[in-house]
Each structure stands twice: as C-alpha cells, then as structure tokens.
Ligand SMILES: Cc1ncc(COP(=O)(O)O)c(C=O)c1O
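Here's a solo chain for you in structure tokens, the form predicted on its own.
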C-alpha cells in the first residue's frame, strides 16, 4: 500500500533552509534541528500533511491531539471564515460576544449537563491553573495532590503540578511548594491542608498510561471523604479521543472540575475550566474587575471554531469511531490505551519517529525516557490511511 508522496529526501532543501533561518531568530530551546528533523508544514487536510518541499505525510499525532475532527476540517474552516468577516476580537470579561455564551452553554451540557459554570482560558496550562485557583478559593486550602508522570503544562502553576524533572529542574527554586506527588494509580491516604486532587484520567505525555479500573472511583471517594475537590485534566483525553466524550466516562466518575482544551478549538487556541456551580460560585461576583481573566478570553474566532468542532464530533460520531479504530489497532499491534489514544512501547521512540518520517509518517515519542510511540491520529483518519501506518510501524519495530 503506497500513500504518502515523497518527492525528495526528508527534510527537503526548503525545509532545511527554513530551519537554518529559524535558528537565527527563535529561542534555541524551542525547535530541535538536525539533518533529519524537522519538516515545515505547508498545508494539511484530514490526516494528511504537506511540507514546504511538496512531500505528503500521514499524521499520527493530530498536531499534539488538536485536530480530532481532521486538519482544516471544512466546516470548522467555514465557521472561522464566516466570523473573520464580522468579528475578530471582543472584550471577553467586559463586553463579550454571543458565541462565548453559546459555547459555555454547550460545554455545560457536555460535561455536567446542568448546574455548572465555565471559565474560559487559552491553553491547557491556563485551564489547569484556573482549576487550581478555584480549588483554593472554594476550600481555603492551598495544598494539591498530583501524580508522578503527570503533565499539566509548563506555566508556573501548571509546572508545579507537572512531575517530570526535565521540565522542573531549571526552575525548581521558583516553583510553588503546594503540590505533593503520588505514584499514578495509588490513592492517597491523607489530605493534610489539601484542597484538591489533580489527575489525568489517562496519562498522555507520561507514556499513555491507563490506571487500574478502581483508581478513579476510589479517588472520587477519597475526595468526598476529605471534603476536597477532584480536578480532572482532560485537556488531552477529552472530546472523543479515548472512545468516550471524556475519558472519565470509562469509569463512571464525575469530577468537581474538568479542564479541557486541545481538540476543543479544532485548530485554534481555546480551553476552559468547567465546574459544578456549587464550586464555581465560590468565585466572588464581578464588580467590574475580574480577579482571573485574560485579553483573549472567549475570543469569537476560537468560539466559532469550537462550536463547529463539537458539532462535527457529534455529526461524525467520533467517539464511536475512535473506539472502533482503536480496537482495529489493538488487533495489529501490542499497544496500550483507549480509543485513539494509544501507545506502543518500543525502547527508543525518538529514533523510530525519525525513521517513520522518512517513510512519510509523522509521529512523536511519549514517556519520560521517550520509550513510547504515541498513536493519536485525527479521529477522521481513514482505515486505509491507518493501515498504511500500521504496516510501516510493524515493519520497523
């Protein structure tokens, strides 16, 4: 089966030239550059990506889990295009736009169904920090329990809850000391001065780790017994990725707060912290100045994209599709995970990703040592496209 069209060796001459220029202007800590990496994306559609040299690839990352409804989904693109002609920006916490209301209503229906409130943010890390602030305001307790292997973002509050030393060590002296890290899958026994437990239902960057089936239900009971909040970080797992709208539904667990992002915007940056009204109403009523806000809160373009993206997930029944394709992959490869959030332990996934790129497949490593090949393609990927990728992976591992 031959799908990707590779016109030149990877990366091609234009990608290499662009990489050399980027090194002159971008912080050197951001984009890794070698003779085999990176390519420069030119355009994308569905699960297909074309680079600056005209090479075609299949994307097994969905652009870090964002393009669940497919890259440049026509209906999402149309919603953005239509809004571009009328309103690019509003004043989210002063004079908002109507789409912010529509999206807030939709997110409440999808998560808690009723009696909930939404706090819009721009990135997953911001959504996590909004949840941490909410917990502190509601409980009056600063402490947070998080888990080893967790990845909650790299801004300071989220970084305090992220456990990987690679990210934490350079800034350890500036990080808050309010987080206690437990082994993932183990339920705490005490909650000293703790106001919240923050957890990914399935760890993503930690290596696509699924906890024991009794973990989240026991965590819910622990929080109830100690009067603390359960915060679910569903930034990666949310919106059909694991075969359910939200991963917590696999275990029938309802949180107090849920953080969403990535796939929500269909390609535009938007995220949110959604919580039970009884919890969120601990925030004081605005008297004209919000104590947690941002310039682009509820941006109209991002809200339009999010509403269209959610509509596409429903129309295409992407939760069911993720389940079906996940089962198909599990029959072909010894992967772990749920839906189309799967990981294959390979030892050196970084080297494998470079080899896959040469064969026209975009993939990234997961896990603390880069030992897991992540399989998180757009949920719209075709069976033929997926089988091509699985054939190549089976050949290389």
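Here the structure is a predicted model, which is why all the values come from computation and not from measurement. Numbering follows the first chain given and starts at 1.
There is another form of the same protein, the form predicted together with the named molecule; it is not shown, and what comes next is about it.
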property	result
Contact test in the model of the complex: residue 129 vs the named molecule, heavy atoms, 4.5 Å	no
Contact flag, residue 153 vs the named molecule in the model of the complex, heavy atom cut 4.5 Å	yes
is_contact(residue 205, the named molecule) in the model of the complex, heavy atom dist at most 4.5 Å	yes
4.5 Å heavy atom contact, residue 200 to the named molecule in the model of the complex	yes
Stretch in contact in the model of the complex with the named molecule, which is absent here, among 229-237, 299-307, 98-106, 76-84 (heavy atoms within 4.5 Å)	229-237
Selected contact from 125, 219, 248, 144, since only one has a non-hydrogen atom within 4.5 angstroms of the named molecule in the model of the complex	125
